[in-house]
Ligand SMILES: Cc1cc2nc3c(=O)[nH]c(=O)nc-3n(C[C@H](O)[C@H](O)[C@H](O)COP(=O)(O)OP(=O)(O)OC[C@H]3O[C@@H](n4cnc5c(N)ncnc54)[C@H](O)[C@@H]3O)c2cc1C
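A lone chain, given as C-alpha cells: the form predicted alone.
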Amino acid sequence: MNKILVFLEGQKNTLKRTSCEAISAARTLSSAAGIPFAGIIINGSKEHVKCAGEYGMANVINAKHELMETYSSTAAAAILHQVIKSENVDVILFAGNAKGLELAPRVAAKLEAGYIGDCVGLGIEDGYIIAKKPVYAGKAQITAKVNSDIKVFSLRPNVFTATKSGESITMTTKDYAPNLSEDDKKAFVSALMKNEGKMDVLEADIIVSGGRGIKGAENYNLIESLASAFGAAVGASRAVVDAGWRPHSEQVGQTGKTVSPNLYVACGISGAVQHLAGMSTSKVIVAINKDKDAPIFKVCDYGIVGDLFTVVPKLAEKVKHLTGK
C-alpha cells in the first residue's frame, strides 16, 4: 500500500461528522500500515481544512473548479480519478452517506478497483486491509479483503468514532485544478429540496421513528415533538412510508436506510425483521409499544409497554425538561 485518500464533505464552516469519522479510520489504518494518508475536498474552504487538521489530517488536496459550483457525481468521480492517479493513491475511503454511496462505486468503476461498501470495521492483517461488514440483513458479519491494486471502501456512519488527534500538526493544503468539461457533468443536482432543521437519519446521533401504531399522518407531530426534544432526526417504518404519511428519505429498514445512531427510539413499531435489519446496530434501542409480545422488545435495551399516545407526550415533556429544548 502506498497512500490512503479520504473523500471529505464540507458542511457550512466545518466538515460533516461522517467525514471526521473517515479521517479517524484512515488515521488508525495509516498508523497500523505505516503509510501516509491525505484528504480531498471539492471547492473547500479554510475552515474545512482546519477541521480536517483537528482530526489529525496533515495533508488536504482542495480541488477547485467552477463547474462544481453545482455538485455532479460524475464530475466528482472524474476529479477523484485524476487525483488518485497523480498522487499514487491505492486506498480510498468514503463515508457511507448519500453522497458517498453514490460516488464510491463510480470511482471504483473508473479505476477498475475492488469495492467493499457498508464497512463497520477496518484492520490490517498480513499487509492487507481486512473489512468487516454485515450480511443477511444484519444477521451475520463477514470479513473480506480486496485483491485489486486499488481498493475502495465506504464506511457505515456512526460506527467509526470521530476522535480529534490532540496533537499539534503542520497543515499542508494543495490546490488542485482538475481537467473538467461539460461532458463530465452527466449527472448533477439541478434543484435541492430544503428541509430546514431536519437531519438525515443516516448521520444522526439520535433517531425517533414512528410505525403503524401512529395511526395516521396527522399524529406524526407526536414523533416530531419527541425528536425535537432530543435534537434528533425523524425516522419511519416501511408501513408508514407506504401509507404516504412520511417521505421515503426517512424510511429505516431493509428497503430504506441502514442506521447506527447512539440512540434509536421506536414508537409504535412492531419490529418486523425488515425494520430490524436497518437499525439493530444502534448503540441503545428504546421501544414503545402497547403489545407486550411485539418482536421489537426482543432487541431493545429499554422497553415501555403502553399506548404511545400517552407515553410519547409524557416522555417528550420529561426530555424537554432535562435538555431545556
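On a predicted model such as this, the values are computed, not experimentally measured, just so you know. Each form is matched to the other, and the largest set of C-alpha atoms that superpose within 1.5 Å is called the rigid core. Numbering starts at 1 and follows the sequence shown.
Unshown form predicted together with this ligand; subsequent notes refer to it.
K.L.:
Do heavy atoms from each of S19, V120 and V152 fall within 4.5 Å of this ligand in the model of the complex?
P.N.:
Not a single listed residue reaches this ligand in the model of the complex, so no.
K.L.:
Hey, of 32-40, 46-54, 59-67, 291-299, which bit sits against this ligand in the model of the complex at 4.5 Å between non-hydrogen atoms?
P.N.:
Heavy-atom contact with the partner occurs in 291-299.
K.L.:
My question is simply whether Q251 lines the interface with this ligand in the model of the complex - judged by any non-hydrogen atom within 4.5 Å.
P.N.:
Close contact exists here: in the model of the complex, Q251 approaches this ligand to within 4.5 Å, heavy atoms only.
K.L.:
Since only the chain is shown here, I'm wondering whether G213 would be in contact with this ligand in the model of the complex (any heavy atom pair within 4.5 Å).
P.N.:
Within the cut-off, so yes.
K.L.:
Is there a heavy atom of R238 no more than 4.5 Å from a heavy atom of this ligand in the model of the complex?
P.N.:
Flag for R238 set to yes.
K.L.:
In the model of the complex, does L308 have a heavy atom within 4.5 Å of this ligand?
P.N.:
Yes - in the model of the complex, heavy atoms of L308 and this ligand come within 4.5 Å of each other.
K.L.:
Which of the residues spanning 262-285 lie within 4.5 Å of this ligand in the model of the complex, based on heavy atoms?
P.N.:
Result: G268, I269, S270, G271, A272, Q274, H275.
K.L.:
For Y115, state whether the C-alpha moves by 2 Å or more between the shown form and the other one after rigid core superposition.
P.N.:
No, shifts by less than 2 Å.
K.L.:
If I superpose the two forms on their rigid core, does the C-alpha of H248 end up displaced by 2 Å or more between the shown form and the other one?
P.N.:
Comparing the forms between the shown form and the other one, which are aligned on their rigid core, H248 does shift its C-alpha by 2 Å or more.
K.L.:
Answer yes if the Cα of D293 shifts by 2 angstroms or more between the shown form and the other one on a rigid-core superposition, and no otherwise.
P.N.:
Yes, D293 moves 2 Å or more.
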